[in-house]
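There is one chain below, alone, in structure tokens, taken in the form predicted on its own.
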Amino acid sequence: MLEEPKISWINGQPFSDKYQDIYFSSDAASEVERVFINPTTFDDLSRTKPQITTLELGFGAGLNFCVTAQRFLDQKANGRLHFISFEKHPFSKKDYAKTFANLDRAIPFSSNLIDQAPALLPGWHRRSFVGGKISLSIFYGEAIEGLRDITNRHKIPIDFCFLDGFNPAHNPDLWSDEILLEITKNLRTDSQLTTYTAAGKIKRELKKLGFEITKVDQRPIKRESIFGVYKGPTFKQAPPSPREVHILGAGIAGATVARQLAEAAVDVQLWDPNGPGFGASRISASLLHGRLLGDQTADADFRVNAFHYSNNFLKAYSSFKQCGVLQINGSNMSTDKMLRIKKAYPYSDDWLQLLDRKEIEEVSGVKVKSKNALWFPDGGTVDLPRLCQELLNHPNIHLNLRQPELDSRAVKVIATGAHSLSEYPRNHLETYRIEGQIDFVKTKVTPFSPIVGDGYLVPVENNLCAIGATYEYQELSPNVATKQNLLRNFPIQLLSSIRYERGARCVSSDRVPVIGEFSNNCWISNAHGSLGTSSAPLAASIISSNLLGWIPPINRDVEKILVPHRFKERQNRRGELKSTKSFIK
């Protein structure tokens, strides 16, 4: 469970009541440059190295990150900056906004952090800015836990390390010998370290771990700070990143992987004879909302993190309209479940709200029977075909409108959705195809916002809504599917369908997407089912992170439930190996 930071504001500056220490001095941004950046070779490497990795202990108000990111941009750097940080007491979006509004000097980049502040959820979060030029990986929780995860799953050595916990006398856990030793496991020879403290104990421990320490004169603000160069052994060697990746499938799963790799300067060959936005990605009125479970399972963690990651990822594209989404009672959403979901996320008021009947009508503009509803103010509508086109608009992405002809040694990603089974029939994946349909229906009243209940309803224009979507275990004719959609229980009168859109989803036997390494040099993003708008962008980040040697932006228990080989392991435990055809319906 996360802990609130317990902040007092003194002359507009945050002060930690728990640690009885300031977050930064009155000269704020200048202090970051003076203590953490200027003693290093950050500027030189920004101009010459294709990727810089910075690790920080104590994210706090996000000041070090924003100043470092702004400095990187000001250097006209050609490469990328990956900033990794840890925080046990994370700020809310309002706290970030208040902090940067009261600084001595404006930091233009801070608006990015405020806009995309991670939700107050434990574990890993990833945010990308400026077209992927700057990435933030932040762990909310105990620093030692996150550091061990970096040691185990992040393959790129750290270039710069900022130690910025509260005063060691007040916050000894963040300056422990165990923490400092774990940091060295992620360094290369000549990695650089800076910190504001000059405590003798810290200096002695850093020297023992292999750092050459130099005192930096900080007068008249304070006496001195520390700059160190690591001269110990390199424990990690950066793996070679693929120069070219082949992706099969130009729907949302393939297009999001393509975009994230392209922004990392990887040449992408994308193959799809049907073109962008086929299959399940044909639907032009899809929704992005939480689809939350409210329990403590890894699947629940995946869903909530997928919603937040994708919400921030999709903000960059005009095909996503952030209008809020209302979830009312339905066959899979009782009032009791709503209460459990809200209780499961105690620091969620800015992104998840439990509404009463009066508030529901104010948000939706229509009368509903639900006693309560969940409101996702950051949710919205997604035009999937248009989104796929936008994602592929990058000079490093090359679209091939034909069947792929691949060398077996090529690095490839399978993202062909419901078509994957016919192309790879001996893979033991327990996945199958389910058709679905939405109808564009004339209505007497148009709600203010999309509504999810038994199916979903999306306002398109005055007196026209999209409704759906059917879930066809046995494929229906379009006319029958339209009749089913018109019978849905929505709080407005549905008149007649003027057109429909159909698409085929790919679903796994456990209803969890299939994401990860499929075989040597082959990765898969598949079986997103009805979750695609939220799960596909996060899946893309998981796959691209692994290919680039980065830690994926999910916790280890979540990663385990996604891996493709889980089905084969279950089949082996059952003493049977079912063919793929057993799961096609």
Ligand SMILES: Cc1cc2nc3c(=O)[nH]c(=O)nc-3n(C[C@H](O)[C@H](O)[C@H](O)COP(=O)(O)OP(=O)(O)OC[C@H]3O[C@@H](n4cnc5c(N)ncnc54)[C@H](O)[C@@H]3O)c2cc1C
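Residue numbers here begin at 1 and follow the sequence given. Just so you know, these numbers come straight off a predicted model, no measurement behind them.
The same protein has a further form, the form predicted in complex with the named molecule, not shown here; the description that follows concerns it.
Listed range touching the named molecule, judged in the predicted bound form by heavy atoms within 4.5 Å, from 325-333, 132-140, 271-279, 152-160: That would be 271-279.
Of the options 126, 71, 412, 291, which one has a non-hydrogen atom that comes within 4.5 Å of the named molecule in the predicted bound form? That would be 291.
Select from the listed residues 193, 261, 283, 306 the one whose heavy atoms reach within 4.5 Å of the named molecule in the predicted bound form. Result of the distance check: 283.
In the predicted bound form, does residue 376 come within 4.5 Å of the named molecule, counting heavy atoms only? Heavy-atom contact with the named molecule at 4.5 Å: absent for residue 376.
With heavy atoms only and a cut-off of 4.5 Å, decide whether residue 515 touches the named molecule in the predicted bound form. Although the named molecule is absent here, residue 515 would stay clear of it in the predicted bound form, with no heavy atoms inside 4.5 Å.
In the predicted bound form, does residue 534 have a heavy atom within 4.5 Å of the named molecule? Residue 534: contacts the named molecule in the predicted bound form.
Check whether residue 384 has any heavy atom within 4.5 Å of a heavy atom of the named molecule in the predicted bound form, and answer yes or no. It does: once the named molecule is placed as it appears in the predicted bound form, residue 384 has a heavy atom within 4.5 Å of it.
Using a 4.5 Å heavy atom cut-off, are 52, 117 and 312 all in contact with the named molecule in the predicted bound form? Looking in the predicted bound form, the three residues 52, 117 and 312 all stay beyond 4.5 Å of the named molecule (heavy atoms).
What residues, if any, in 234-257 have a non-hydrogen atom within 4.5 angstroms of the named molecule in the predicted bound form? The stretch 234-257, when checked against the named molecule in the predicted bound form, contributes 248, 249, 250, 251, 252, 253, 254 at the 4.5 Å heavy-atom cut-off.
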